[in-house]
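Here you get one chain, nothing else, as C-alpha cells; it is the form predicted alone.
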Amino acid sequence: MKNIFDAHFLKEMQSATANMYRLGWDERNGGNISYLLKEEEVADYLYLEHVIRTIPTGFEAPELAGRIFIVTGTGKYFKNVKTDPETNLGIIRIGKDGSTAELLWGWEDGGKFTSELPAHLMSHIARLSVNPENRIIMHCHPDYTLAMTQVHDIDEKSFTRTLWGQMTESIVVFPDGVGVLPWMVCGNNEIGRATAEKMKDYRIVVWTLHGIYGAGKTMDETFGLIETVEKAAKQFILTSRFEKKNIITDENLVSLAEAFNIDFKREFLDL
C-alpha cells in the first residue's frame, strides 16, 4: 500500500487550496472543493473495504452511489490544508443508498464534509450528464467577480458579453459563457438545485454577492477557468469609470472564435 501523502490527488488539493487562499478567494473557512476520484487510483493508497464512519449527506444522489470524492471539510480553513490535510480533507464514498457518505480517510478531529456537499453532488451529476470526464467542482469568493455583481446587470447575456469584452482570452477560455444566479441563501439544497440547473449549460456559475462555482475535468482546468473570469472582472472594475478608447467588438469575438475553432454562445452577441 502506497503512502496517501504521496497521492497526486492529495497534492493537487493541497496546492489548489493554498493558491486560492493566497489569492484571497477563500477567506477564513470560505470556499470548498470536491474532486471525483477513480476507484483504482484510491485503491493504491487505501483499503476501500475499511469505512471509518458513515455520515448522512442530506441529499439523495443515487446516480453517484459508489463514487469516491476527496472533499474539503466544513469549518476548515484553506490555509491549513497544506500542513494538516488529514484534518481538513476527507475521502468519502457515496453509499449504495445515495444518501450517505462513507468516510475512508481524513477529518481526524471528527469533522465532516463541507455544508455545501449536496450542492456539489448536484453539480457533479449535472456536469457528468454533459461531460462524463468532469471531475472537479470548485467554489470560491473572488474579489472582483463579487464586486462586479454589485454594479452590473446579472442577466447571463450582458454579464458574459462584458467579461468576453475585457480581454482577448476570455471567449477562448469560457466560450460557453457564464451562468448567473440572483442572491440566494447559501448552504441549502435550493441554491444547489439552481446551480446544478445552470451547470447543464455553463461550467461557471456566479452567485451574486457571494462567489463562483466552477467545474472542469482537472484541477488546473477548473482553477484556470475561475482565474480567467476573475481577471476579466478585474479589468471591468478597474476601467469601468473611464471612457473606453479601445474595445473588443462583437465582430472581433467572432473572429477569435473562428481562429481558435471554438463553439460559443452566438446568441450573446448582437450581430
Ligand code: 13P
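Please read all numbers here as calculations on a predicted model, not as lab measurements. Start at 1 with the first residue shown and count on from there.
Quick note: we don't show the form predicted together with 1,3-dihydroxyacetonephosphate (13P), though the next part is all about it.
Undergrad: So, in the model of the complex, is N32 in contact with 1,3-dihydroxyacetonephosphate (13P) at a 4.5 angstroms heavy atom limit?
TA: Answer yes; at least one heavy atom of N32 falls within 4.5 Å of 1,3-dihydroxyacetonephosphate (13P) in the model of the complex.
Undergrad: Taking heavy atoms only, is G75 within 4.5 angstroms of 1,3-dihydroxyacetonephosphate (13P) in the model of the complex?
TA: Result yes; G75 sits at the interface with 1,3-dihydroxyacetonephosphate (13P) in the model of the complex.
Undergrad: Would you classify H141 as touching 1,3-dihydroxyacetonephosphate (13P) in the model of the complex, given a 4.5 Å non-hydrogen atom cut-off?
TA: H141: contacts 1,3-dihydroxyacetonephosphate (13P) in the model of the complex.
Undergrad: Could you confirm whether S115 comes within 4.5 Å of 1,3-dihydroxyacetonephosphate (13P) in the model of the complex, counting heavy atoms only?
TA: S115 belongs to the contact set for 1,3-dihydroxyacetonephosphate (13P).
Undergrad: So which stretch, 217-225, 48-56, 238-246, 23-31, is the one near 1,3-dihydroxyacetonephosphate (13P) in the model of the complex (non-hydrogen atoms, 4.5 Å)?
TA: Selected stretch: 23-31.
Undergrad: Who in 216-251 is close to 1,3-dihydroxyacetonephosphate (13P) in the model of the complex, meaning a heavy atom within 4.5 Å?
TA: Counting only heavy atoms within 4.5 Å of 1,3-dihydroxyacetonephosphate (13P) in the model of the complex, no residue of 216-251 makes contact.
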